[in-house]
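Here you get one chain, nothing else, as structure tokens; it is the form predicted on its own.
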């Protein structure tokens, strides 16, 4: 079938389209209805179906004769380790660890928080939860204790899984003190804390509820897959919200499995037996979907990479992994490619390796700027494909779909809508905008399988965050436009959530922390363009009258505070003292205009501004401090 045929069918006859796609996975009980609406009016897929996601990832392939094929390759340049697991070996480890969890009282519908680095045990933990019908919630390893505590209180896990450390370049980051601090802050207390003790950071586990991973596995009995309903949650994944409180995105078992099975072939042109590598982290949606679930559900070999694009040991590490493991399809963030470009612009390290197995480079997580696209495509000589999706969707919404045969590539565009996503650009009044008109990026309901059905424990926030602004449409929160060929261009967030190296972070939350400093009268935190990270937060503060504090001292204190409460991923390093902030007559700070000044983007002075001269003051201050691409 052609892309045009499938897209048309998916939006005109969605039940027929997804009924056919659902036949590609093994159900324990076939769905009774393909598309329904629940009492809250939210759409749900595959009602009455029963399945088990871990079974689809492992046992099913053993039954099909793939038991001796590599399922997972662990490649860790930071520990100089490469370890391979066949489907049978991985199944056996998952079944045993499911027994460990079951012995701690974890069963169908219970939550488990996973706070781990990129090691095989993290994947084993995820799949063991799925095997039991439990709900895992992976928190990015190394996240600040406060953020972990917030997620513990929201998910209310029976068990926490962690490792004794992560490794950042050559630095050991002990995790136990972070978990211990989070547990002291959290109101909810899990039954057990199971830790995998790494040789790089030995730990003594003798506190209440502390369990040694390896010792527990020795005494565990393997567990068979537990059938669950299609609507049962597989996992919760938290994403930043504009209020500062993270939103718990739910992924259900049935719709997720169908989308994962279909998307790896349709979007990425990757099939059973082939090697797929998503250079992400399991703490993010990419890691869930395209390190763990989609490759394994599809019978592929997936790579779990513990390292960085540079300095582990150098900017050739991506190409070494691709050459050594014969990767066909590679997926990473533009930030990573920019880091490699900065270190090896001439491609000298690249030319050391035979990467002839590589057919596609997919990039996502932020817009791929034309300069990065040009460099990568010229270096690799293969299609470089920008595509767009969100934690909420769990799979691409815009893509140049390799499985259908590539369409022409347009630099700066995330290509055309994926079947199932009827995308529209809407104006402020909800009208559908035409080519070249910038507005809100939306998707007409129903969203296809695999998208969030609601938020964890908060239907009202789901409705308010995504559905109320334009009835009948899902609001993505991004702005953009489309062209005459229906290619979409995503221009960035329309709220105050910024994208730092693919991590969505709330500037509103950072602003609250800056404002809490005793010297600060008012402030604004804005995301400005950054050559390496895509965006980075910058704070502008107005001091309280009569307060005297050196600007460098204030900056250091605020940087340390945000690092302690959010973590290094916030990349908050710059805070500038200004006399006043630009505002509308109603008192709203013009954050967008501050950002545009720093980015060197032309704009008309808003008619609602209280005092236009303040913008010139801000521009001069940014130039003096050399903050923003416009002044570097």
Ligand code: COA
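Numbering follows the first chain given and starts at 1. Keep in mind that what you see is a predicted model, and the values were worked out from it rather than measured.
If you look for the form predicted in complex with this ligand, you will not find it shown, but the lines that follow are about it.
Between the options 175, 97, 277, 196, which residue brings a heavy atom to within 4.5 Å of this ligand in the predicted bound form?
Contact residue from the list: 175.
Among the candidate residues 181, 359, 308, 444, which is the single one with a non-hydrogen atom no more than 4.5 Å from this ligand in the predicted bound form?
Looking at 181, 359, 308, 444 one by one, just 308 meets the 4.5 Å heavy-atom criterion.
Work out which of the listed stretches, 68-76, 82-90, 100-108, 162-170, brings a heavy atom within 4.5 angstroms of this ligand in the predicted bound form.
Stretch with heavy atoms near the partner: 162-170.
If you check in the predicted bound form, is residue 129 within 4.5 Å of this ligand, heavy atoms only?
Residue 129 lies outside the contact set for this ligand.
Even though this ligand is not shown here, does residue 125 get within 4.5 Å of it in the predicted bound form, heavy atoms only?
It does not: once this ligand is placed as it appears in the predicted bound form, residue 125 has no heavy atom within 4.5 Å of it.
Does this ligand get within 4.5 angstroms of any non-hydrogen atom of residue 439 in the predicted bound form?
So residue 439 does not count as contacting this ligand.
Should residue 281 be counted as a contact of this ligand in the predicted bound form, where contact means heavy atoms within 4.5 Å?
Because a heavy atom of residue 281 falls inside 4.5 Å of this ligand in the predicted bound form, the answer is yes.
Could you list the residues in 547-577 that come within 4.5 Å of this ligand in the predicted bound form, counting only heavy atoms and keeping sequence order?
Contacts from 547-577: 563, 568, 569, 573.
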